[in-house]
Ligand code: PFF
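What follows is a single chain, given as structure tokens, in the form predicted alone.
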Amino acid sequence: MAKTRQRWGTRLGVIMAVAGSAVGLGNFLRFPVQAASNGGGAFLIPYFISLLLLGIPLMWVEWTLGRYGGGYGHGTAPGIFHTMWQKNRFIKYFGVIGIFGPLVIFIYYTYIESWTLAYSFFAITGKYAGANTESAMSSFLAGFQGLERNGYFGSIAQAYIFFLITFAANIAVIYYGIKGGVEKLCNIAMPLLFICGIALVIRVLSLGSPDPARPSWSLSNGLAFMWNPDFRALASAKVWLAAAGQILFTLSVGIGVILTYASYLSKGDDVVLSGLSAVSMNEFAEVILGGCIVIPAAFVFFGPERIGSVASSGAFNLGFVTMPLIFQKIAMGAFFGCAWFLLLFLAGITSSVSLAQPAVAFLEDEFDITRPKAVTIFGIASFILCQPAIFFLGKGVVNELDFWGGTFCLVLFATIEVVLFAWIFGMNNAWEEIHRGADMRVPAVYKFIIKYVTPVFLLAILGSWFIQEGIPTIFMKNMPGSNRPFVFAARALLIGIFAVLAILVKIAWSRKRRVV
């Protein structure tokens, strides 16, 4: 007797969950850095072109593929790919990327997510109040991460405690399933996230010039720095690649998560309007909220001379060094600091639970085991895998995991799935499947875009990223010699994870053949 798969409780629930998967730390930290460093307002031109030609088509592709595979009892890429192309016995192994990528991201993302929980506590208790300079706040962060011993932290113990709390929260949500865990979390967390975001935007927009002697350090000039277009940047291929990469990253397409979430839809559930709704929520969080908090606030307090270096200092530095310093300078800073880090934590946990779901669904669907047992196996394995990211943070391990799990695999997997969908499954079949139960029609031009434009766009990104980032990363260019043994070990770990997942796929299909 076939096992009954879980289902979402409501359409709003699945939209909130997919939006929660997409709305993450990158919306509030990575996007402002990308925009400010790549032409300001001009960045939005390639950004929205990438959204229309890459993000939205891939969103529809993944919602449709997931719902289709779920109808055959498969919630992850190996089974879904095999269902789409049953004559090819190797295609399911390409689907391993759709479990491997989310798992790799999960094992370092959860630790970073735990920092936001810790800092929300530090903000409200005044823990970092004594660190009132950039160097002091940087030292506070390094001490917390265990990268140095200082007057703030003597060990990594506090960071590890917050990691344990965050990890346990993730596992608890996953344990209670799609409807009782993930959907319930996102129905609470997403509205709360938007409330925090809107409150912070209102507070930032109410900032004047903190120093009357420096009238140029104004909010209007800060917004201008963020959004005034430098059209010369459009001549740079790097800007276009950055915009396309941001779209893939922010929408969580090409990872395999949406495939799994969509597999819990019923056959007649709409994917067209639901997908667009999730995209719209993500874009509001990123462009409106993410674009109006960090950089404009930093401009007001650090001025036009330093804002360039602040914007280019990186997402972590902006989030955990610059923003706490800003909150120390405003009224009710502890409250708004707590709200800022709570916003980041909510964005993080709704994303991290989605990253765990493909591996859990794979164990449930392909090995016919119960969810509690699947979550237990995942929890033990992922906890062990998290440790290198925690204890070797300063040795390049997280950067290595991020490149292969969060960059290379993301683009590679997106390319494979859109080619499979449009060319193997067939565009006519695909078009009919997209519109099954749809409340609106997709513009006919997207039939051409999905078949031709999106694959070419992805191949161009894949080739360019490989030349610009892949080759230097593979050969460890500009990497300190002391980090290389740790990076080699991280690569061996990644190869081992992929090999184990591929073996599990082989075992699962061998079991199915014996049953038949």
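Numbers follow the displayed sequence, beginning with 1. These figures come from a predicted structure and were not determined experimentally.
Beyond what is shown, the protein has a form predicted in complex with the named molecule; the following relates to that form.
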| query | finding |
| --- | --- |
| Interface residue in the predicted complex among 249, 153, 378, 264, criterion: non-hydrogen atom within 4.5 angstroms of the named molecule | 249 |
| Contact residue in the predicted complex, chosen from 137, 105, 97, 430 - any heavy atom within 4.5 Å of the named molecule | 105 |
| Which of 22 to 30, 66 to 74, 466 to 474, 44 to 52 sits within 4.5 Å of the named molecule in the predicted complex, heavy atom basis | 22 to 30 |
| Residue contact check: residue 357 to the named molecule in the predicted complex, 4.5 Å heavy atom | no |
| Touches the named molecule in the predicted complex: residue 120 (any heavy atom, 4.5 Å) | no |
| is_contact(residue 109, the named molecule) in the predicted complex, heavy atom dist at most 4.5 Å | yes |
| Heavy atom of residue 255 within 4.5 Å of the named molecule in the predicted complex | yes |
